[in-house]
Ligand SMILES: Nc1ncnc2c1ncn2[C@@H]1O[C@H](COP(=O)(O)OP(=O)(O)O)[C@@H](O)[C@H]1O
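The form predicted on its own is given below as one chain in structure tokens.
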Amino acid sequence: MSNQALLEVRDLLVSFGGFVAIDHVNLTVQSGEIRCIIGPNGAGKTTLLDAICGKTPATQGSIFFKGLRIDSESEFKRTRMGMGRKFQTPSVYDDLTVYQNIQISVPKGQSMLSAIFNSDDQFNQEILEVAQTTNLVNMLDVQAGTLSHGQKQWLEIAMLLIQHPQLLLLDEPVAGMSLKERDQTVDLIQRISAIQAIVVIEHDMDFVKKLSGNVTVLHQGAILCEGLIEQIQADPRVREVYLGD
């Protein structure tokens, strides 16, 4: 395995009974990389993220994170190691403010009670910085339930960033967003990629193109092709199975 690889998936197979959801996938993600995973519905994109973060066990193959084999580790252990997972539907505490949502997403080594009742200046500064990064710095006192769908997506990313992950797994982060919010999310992801590697599942091809990352195309659980977005769009196999040509 490359010493530079943050994440490496080797010969990964995930099957449910006789159905193969992930078919011998190999994937490498470097530190600071934006990797977009695209493909038609049912291609196995979300299942792949589930296997990487530990939500779904691998049937065969291995997963390495920071040089350590983790496919037998729990989802919680992988989170503590530096993985952050955002699911398709935002999961925030509607009755709490934006600030409180970030505050209780406790960084490693700090108890929830100390986060709530004994926040020091440094921790408060971290919250402000995360809110600034995620376009929420002017919304800190706003109840999360009143946010737009796009702002809730940003808040969930903020709740991950306060935990200092090294790898973010984002499942359809711009689903339901306005065009303006989508463009702001492009800027957000590009900013945080300077510190975190990011794997993004997305259907919005314009969004993927603007991210300017490496692209992996899944089809029927297997990797169809990989490359830059211009190479992907020019591939006749992609046009046939995904782009509708």
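Computed from a prediction, not measured in an experiment: that's the story for all the values here. One-based numbering along the sequence shown.
The discussion below concerns the form predicted in complex with the named molecule, not included here.
- Heavy atoms within 4.5 Å of the named molecule in the predicted complex are found in exactly one of 178 to 186, 34 to 42, 60 to 68, 208 to 216, that being 34 to 42.
- Shown alone here, residue 13 lies farther than 4.5 Å from the named molecule in the predicted complex, counting heavy atoms only.
- Contact between residue 21 and the named molecule in the predicted complex is found at the 4.5 Å heavy atom cutoff.
- The closest non-hydrogen atom of residue 28 lies beyond 4.5 Å of the named molecule in the predicted complex.
- Heavy atoms of residue 46 reach within 4.5 Å of the named molecule in the predicted complex, making it an interface residue.
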